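Quick heads-up: it's one chain on its own, the form predicted on its own, in C-alpha cells.
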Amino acid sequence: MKNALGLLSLLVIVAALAVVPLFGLRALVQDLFMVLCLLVLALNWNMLAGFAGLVSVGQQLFVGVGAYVMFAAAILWGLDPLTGGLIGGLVAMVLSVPVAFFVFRLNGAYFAIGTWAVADIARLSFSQWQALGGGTGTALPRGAARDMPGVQLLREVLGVSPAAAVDMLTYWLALGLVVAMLVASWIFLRSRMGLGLQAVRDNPVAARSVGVDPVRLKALVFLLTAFATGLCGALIFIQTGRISPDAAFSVIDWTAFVIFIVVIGGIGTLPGPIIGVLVFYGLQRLLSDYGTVYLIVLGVIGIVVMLFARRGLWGGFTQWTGVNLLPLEHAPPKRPDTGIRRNTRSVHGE
C-alpha cells in the first residue's frame, strides 16, 4: 500500500511538471530546469554519501568533464550537443576509474579533501585547453543547440521559437533524468546489492564478515554516479550555451549547494533531496537579491538542521507521522516450513 501511494504521488508530480513548458513562462521553465538538474546532482550525491558512506566534495569534477567533453564534441568533432553530452557522461565514468583508484585509499575527511583536490586539478587542466577558450571559456557554435534532434519537431508541433524549443527539450530531458534516477535508485536500494551497500555504510567490518565486498560495491556506485553527474553537467551547459573552467568546476554551485539540499531534505532517504531542492529553490527566490546575506542564511539553516534535525526535514516528518512514500525497508526472510511439528510440552508433561 505504501509503495503504491509513493508511486502514485510520484506520477502526479511528474505529470504536473511535464506540462509546465506548455503553459508556463520561459523564465519559469528555465528556473525549474535548473532545479531539476540540482535534484539530479543531489540524488547522485545522496547515493554516494547517504547510502555508500562516500562523502565527496569533488562532484564538480564530473559536472565539468561532462560539460567540456560535450563542448569538444560540438566544436571540434561536429557532433550535436545531445550526442556530445552522452559521450561526456561516458568519459566522466571512465575518468572515475583512476580517480577511485586514488581516493579510495583515503578515508573520512581525507577522502573528501582528495576528491576536492582532484576536481581542482581538472579545473586547472581544462583552463589550458586553448581550443576550447582556455581560462576564459567558449560558447557553443551558433545554431548547434537548435540543430539537436527533437528541436525542429517541437517548433513545428507547438509553434514556438527555436530558443523556446531548446528550453523545452532540455527541460524534459532533465525531468526524465530525475525520474530515471529515482526509479533506478529505489530498485537498486531494495535489491540484495543495495542492502549490502547500506550494510557497508553502517559497518564495513560486519558487512565483510557476511560476504559483502565493500570496495566493489562502493566502486560501482562511484562509477554510476559519475556517469549520471557527467550527463547532468552536459545538459546544464547545453541550456546555458557557454562554458568556462570556473563555471564548470564550481565547488559552490555543483557541490556545496547540493550538499545543502541533501542535508536539509534528509540524507539517506530518497524523498529527502526532493524536499531539500524545494526549500533551496524557495530560499533562492526570496533571498537572491540580498547578495552574500543569501549565502549566510543558507549556512545558518544548514547548521540548525544538522544540530537539531539530523535526519533532515523528511526524516523528521517520517519519524513524527510514520508516513514514508518511498520506503527502503527489507522484509525479513520467512522461516522455511519443514513440515515437522515441534512438541511444545516439556519432558515432565507440563
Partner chain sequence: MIWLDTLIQGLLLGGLYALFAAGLSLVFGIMRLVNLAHGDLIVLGAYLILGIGTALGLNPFVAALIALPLMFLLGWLLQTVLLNRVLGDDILPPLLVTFGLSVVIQNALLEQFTADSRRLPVGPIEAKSLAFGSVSVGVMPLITFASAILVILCLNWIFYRTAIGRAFRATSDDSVTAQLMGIRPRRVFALATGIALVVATIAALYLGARANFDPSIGPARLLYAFEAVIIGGLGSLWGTLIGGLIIGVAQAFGAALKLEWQILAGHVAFVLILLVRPRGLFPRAHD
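Residue numbers count along the first chain shown, from 1. Remember, it's a predicted structure, so these values are computed and weren't measured experimentally.
Here the subject shifts to the form predicted together with the partner chain, a form of this protein not shown in this document.
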query: Partner contact for residue 320 in the model of the complex: the partner chain, 4.5 angstroms, heavy atom; finding: no
query: 4.5 angstroms heavy atom contact with the partner chain in the model of the complex for residue 35; finding: no
query: Close approach of residue 80 to the partner chain in the model of the complex, 4.5 Å, heavy atom; finding: no
query: is_contact(residue 260, the partner chain) in the model of the complex, heavy atom dist at most 4.5 Å; finding: yes
query: Which of 167-175, 153-161, 139-147, 110-118 lines the interface with the partner chain in the model of the complex (heavy atom within 4.5 Å); finding: 110-118
query: Heavy atom distance at most 4.5 Å to the partner chain in the model of the complex, all of 295, 300 and 306; finding: yes
query: Residues in 119-141 with any heavy atom within 4.5 Å of the partner chain in the model of the complex; finding: 120, 121, 124, 125, 128
